[in-house]
Structure formats: structure tokens, C-alpha cells
Ligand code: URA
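What follows is a single chain, given as C-alpha cells, in the form predicted alone.
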Amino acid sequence: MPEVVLAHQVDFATWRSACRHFVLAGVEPEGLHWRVAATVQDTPWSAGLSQILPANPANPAPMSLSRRFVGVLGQALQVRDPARFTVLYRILYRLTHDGLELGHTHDPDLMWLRQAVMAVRADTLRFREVFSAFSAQKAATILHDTPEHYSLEANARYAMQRNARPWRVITPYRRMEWTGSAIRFAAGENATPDDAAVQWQEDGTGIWRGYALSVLPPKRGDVAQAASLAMLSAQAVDCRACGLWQPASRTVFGEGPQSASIMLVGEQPGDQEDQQGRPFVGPAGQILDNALHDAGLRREQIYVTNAVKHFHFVWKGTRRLHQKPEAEHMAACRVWLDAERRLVSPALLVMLGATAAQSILQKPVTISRTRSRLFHLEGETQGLVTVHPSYLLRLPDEASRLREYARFVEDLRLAAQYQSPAD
């Protein structure tokens, strides 16, 4: 009986290549054995794979699978079920040879497939919320987790984008680490309890080629029902509502306590924010931090976010130059801003600049006409419009910068009246 040895539990590349070969060769599911390698030396991988595949497949025509269905197979391969390789192979075999249709609602194999995908998705969402909460703890670098399924590797891209700082996730079956420049994998605690004995292997090398990635673009209903900022920020990583996600490095979500009395809304992340994955960490962020301090506020007490969550820029040589977000970008991100406001429910919402004010108030805003006065928003929230701190960076002379910085601090002192003593 032919045997396929997979490099690891989610070795989708080898599984898919073997399926293509054996299905087209007409090898029935009962005539094929699957197992996961016990060691790296035990793994056939690319060179060894050709030794276990038939040299002359009966039907050389390629299999035609939709991209969506391939994604479903990649998710199902993560389910913690020893029979998953066989069941998924049997589905492909039946699609090719027995006329199986994916719309067959009561077919046992397809029912298993739907249940497997649902279980993996639930485990993925659970991990993402846990990782998002872990990432909000800026000093934390190691997360211990126990996933129900083999879902860690598929979340490598998500985790790297959600948290740009170096971190490590340790689970019973796998370790995963972001060094700040690369993802690495190693055996989990069950196989290698001693951290000193761990042997890391970089993503894209050796056996770590071709595992499936989980991409879960959020639905509006999911965003509206998110029960925590951790869940909300986890959902935002895979947002595809506008085209800004493609050139940007990552979604830059808000940060701060969900119980904050004051919420600051800026325009969009800049170059440094896009790289670090945190709002207001560039030059404008330094001015904001100084002004908050001078106004008697602390950054960690305030929820800080942007109207648009991706960096809009154009290249000039090797530099990325900021571009003002367009109406379509603000409209696409409105669902996130609404959800943040719902969860934080601030006593005061401070709009930093015209873009933030336009996004919140849903109309064009002239800063000079609306600045430095309080007005009522929805519910129990008051609003305050002031300049964006980047405005201070663009002033032409020191006297102007000092004068406008003092006005900015005064606006923030007005905001400080809404700071809760509990904060």
C-alpha cells in the first residue's frame, strides 16, 4: 500500500501534491496510507515525494479546484482528527471519479468537512482574541496557549501583523516565534519540554513551506457584535473593505483601556505606525505624548485610535510619503470607529484634525470654526475638536510652533476635565 509521509500536522503542500497525483492515478482511498513524520529525517518532503508517487498516472489532466474550496481544504486540514487526511482525500477522489457534488447537503464526508471547518474557525477566532489581548500588554513577550486544533501555523501571518514587536507563542504541539524580521517554528512543549533544547527553523525553509494561512475577512455583523476591543482588533487584521490593506504592512488598530473616559481619534497611521503596529508612535505621536503630559493626562489612561486603520502613502524613491485618506477609506473604516465608540463609550471624544472630525460628524469641518469648544454627540458623549499634532510639525517657525503647541495643550486641559478619578 502506498504511504504518504507528511512533514508536520498541517503540511498542506505535500498533502495537496500527493492527492493530485494519487487521485489522477485512480488510487482509491482505502489503498492509500497517510501519516505525520516523527522526525525531520523521516519526512520525504519534495525530493522524497517523487519516490512515493506513481510514475505514470492514469489520467494526466490536472484537477480543477476553486480557490475558495482550496482554502476550505486548508482549514479542514487543521482539525485535530487523525482521519482528516483520508477523509479529505476521499472527498477529492469522489469529486473526480464518483460524481460527488459539493452541494450534497447530507453527504457524510461533506458534513464532516463543514463541521471541521467550523471547529477550526472557532479555534482560530479564540486564539486571535487571546493573542490580541496578549499584544495589548506591551511588556508581554511569551504567550502560552492550548489550541484545540492544529491552528497555530495558519495564524502566523495574522500574529505577525497584529503584533510587530518580538514575541513567542508556546503550545503543546508547536512553538512559533516572531523575531522582528522573521517567523520561526519549533517543536512544542510535549515533544521538547526544555526551552534550551529547542531547535528553531525559519518559515519558508526546510519543512516550513506550503502550510495554509487563515484569512478571515470580517463581516459587518461580526464587527457590530464584538464584545471586547481584543476581539475587535483581532477581526480588523484581515479587513479588506478598501484597497489600502494591500500596500500597507498591517492594520493599525486603536489601543488603550476599554474603560477609558477619553477617546482620541486621529486621521490615519503614518510610516512608523505602519511599521510598529501602534497608533501615534511617530513624530506626531511624540508631540501628542508631550502635550498630554503637560495637560495633566497620561497616554495609558486614554483610548487612542484613528479614523482610518491603514497607511495611505505614495512611494518617492525609498520613502513612503503620507497621503490624505479619501472619502471611500473613511467610509470603509467607519464600521470600526463605530464599534470602538460603542465598546469604549467615552465621556469625551477628542477629534484630532479635520479628517477625524469629518469622519465622526459626517460632514466637512473647518477646524478654526469648531476648535476648542465642547458640544454634545450621541448618548452621554461630548465632543471636542482640535488640531492634529502633525499640524505643529508643519509650522514654519519656532514662534508659531510654541504658540500653537500652547493652544493644543489648552485644548487637552479642557479634555482632562473628563478624566475619571478611577482612571
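This one's a predicted model, so the numbers in the text were calculated from it and none came from an experiment. The first residue of the shown sequence is 1; numbering continues from there.
Keep in mind that the form predicted in complex with this ligand is missing from the display, and what follows is about it.
- Taking Asp123, Asp203, Glu273, Glu255 one by one, only a single residue has any non-hydrogen atom within 4.5 Å of this ligand in the model of the complex, and it is Glu273.
- Residue Ala284 is the only one of Leu110, Met231, Ala212, Ala284 with a heavy atom lying within 4.5 Å of this ligand in the model of the complex.
- This ligand in the model of the complex is not approached by Gln75, whose heavy atoms all lie more than 4.5 angstroms from it.
- For Phe280, a non-hydrogen atom is located within 4.5 Å of this ligand in the model of the complex, even though that partner is not displayed.
- Of the heavy atoms in Pro346, none are within 4.5 Å of this ligand in the model of the complex.
- In the model of the complex, at least one heavy atom of Gln268 sits within 4.5 Å of a heavy atom of this ligand.
- Only one segment in the set 326-334, 176-184, 155-163, 260-268 has any non-hydrogen atom within 4.5 angstroms of this ligand in the model of the complex, and it is 260-268.
- Scanning 381-418 for heavy atoms within 4.5 Å of this ligand in the model of the complex gives just one residue, His388.
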